[in-house]
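Starting off, we have a lone chain in the form predicted alone, written out as structure tokens.
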Amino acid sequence: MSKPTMVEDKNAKSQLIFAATCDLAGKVRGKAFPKSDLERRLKRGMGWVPTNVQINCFDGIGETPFGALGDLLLIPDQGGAVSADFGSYTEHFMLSDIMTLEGEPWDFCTRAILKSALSRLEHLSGVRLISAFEQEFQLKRELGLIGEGFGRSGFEMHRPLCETLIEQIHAAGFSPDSIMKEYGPNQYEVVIAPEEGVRAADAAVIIKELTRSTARFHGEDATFTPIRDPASVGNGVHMHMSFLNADNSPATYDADKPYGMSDLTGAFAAGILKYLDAIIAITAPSVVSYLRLTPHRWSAAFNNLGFRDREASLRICPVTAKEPTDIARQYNIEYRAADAAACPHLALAAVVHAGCQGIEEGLPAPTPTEEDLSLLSASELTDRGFVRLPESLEPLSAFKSSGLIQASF
């Protein structure tokens, strides 16, 4: 599907386009400019401030090496353009790159960080990454529905919202796969087809923003928080990943290898698990993230590769295709220890860098599990090399002490 572009119309002079960046805190920030200025802004961008990167999700500013000094450019990217038409008004925004005044990608631009990780993967192994983000969200207004997990009635209560959202996703240039009433109270999940490279993370950001906008249009308030109620379910982000060779042939699957993992996939998966204790600081970056990462929440609880196991941190997904060529194209692995408190670009970059470390180190493929690890004793877990995922922001220390992962960034 072709990427959308901003089209001129009669009201162009009165319309504003929001140049957006998804920052380290996973927040979408930026500034707006008149649509009539688009061509100039595509070349020259707008001024941006280095210290903005230190703004947290509560609008506090952390310690900053920049202070009031320095200048940057926020340059809109036509490939990240969205026009969401809600009838009486249209929302225009464009994902943007943060550049230095000399025209180089800024070190803290999250899109640039992901592009660097993807470039590392391609140079290292000759493959390109194909990925897709499954995202769960909840609507805050209580409707008093009980027993509607995956229910038709629960879906029908918000069919107009779901249909509007799918229309907006399609209009943004993506291929909607499905949307459903999830298990939790007022919880829904939206899924799209995979995209290549940085566009997959762009899509995750865009769909979150379209979900929030669509909810507002329908008088609702959508939240992607990792968990609203510790006694209830959480909202996860599942990242599905596969590889393509230079000739576009699939590189993830090998029918002659255990569980169908190619040597590349096995080493990549092993790297993720080896460095999971550090990268989870980026993929699950909030205090409440760890209330979700517990056994029996269908999220992730141990550092394991599971075979069709929805509680594994990394999962080999089921394949419905029958023909060998179709199986190879459908085969993928899924990273599950993530949520929407993370910036999608940073989260995917962390996973890719860890996978690249596995490839560089020539790590053997991990043996997938097919059991409930929470039933094993502490000694059994230790003997098999499994550890419980952290229950607080302990991964920050692991990230700081992991020279290899820090060097990747």
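Position 1 is the first residue in the sequence shown; the rest follow in order. All figures in this text were calculated on a predicted structure; none of them were measured in a lab.
The protein also exists as the form predicted together with glutamic acid; that form is not presented, and the subsequent description refers to it.
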Exactly one residue in Asp277, Asp97, Glu189, Glu195 has a non-hydrogen atom within 4.5 Å of glutamic acid in the model of the complex; which is it?
Glu189
Let me know the one among Gly234, Pro76, Gly154, Gly266 whose heavy atoms come within 4.5 Å of glutamic acid in the model of the complex, would you?
Gly234
Just checking whether Lys115 would be counted as a contact of glutamic acid in the model of the complex - the rule being heavy atoms within 4.5 angstroms.
no
Within a 4.5 Å heavy atom cut-off, is Arg310 in contact with glutamic acid in the model of the complex?
yes
Partner proximity in the model of the complex: Ser289 to glutamic acid, non-hydrogen atom cutoff 4.5 Å
no
Can you tell me whether Glu182 touches glutamic acid? I mean in the model of the complex, with a 4.5 angstroms heavy atom cut-off.
yes
Only one of 118-126, 294-302, 258-266, 161-169 gets a heavy atom within 4.5 Å of glutamic acid in the model of the complex; which is it?
294-302
Can you name the residues of 136-150 that have a heavy atom within 4.5 Å of glutamic acid in the model of the complex?
Glu136
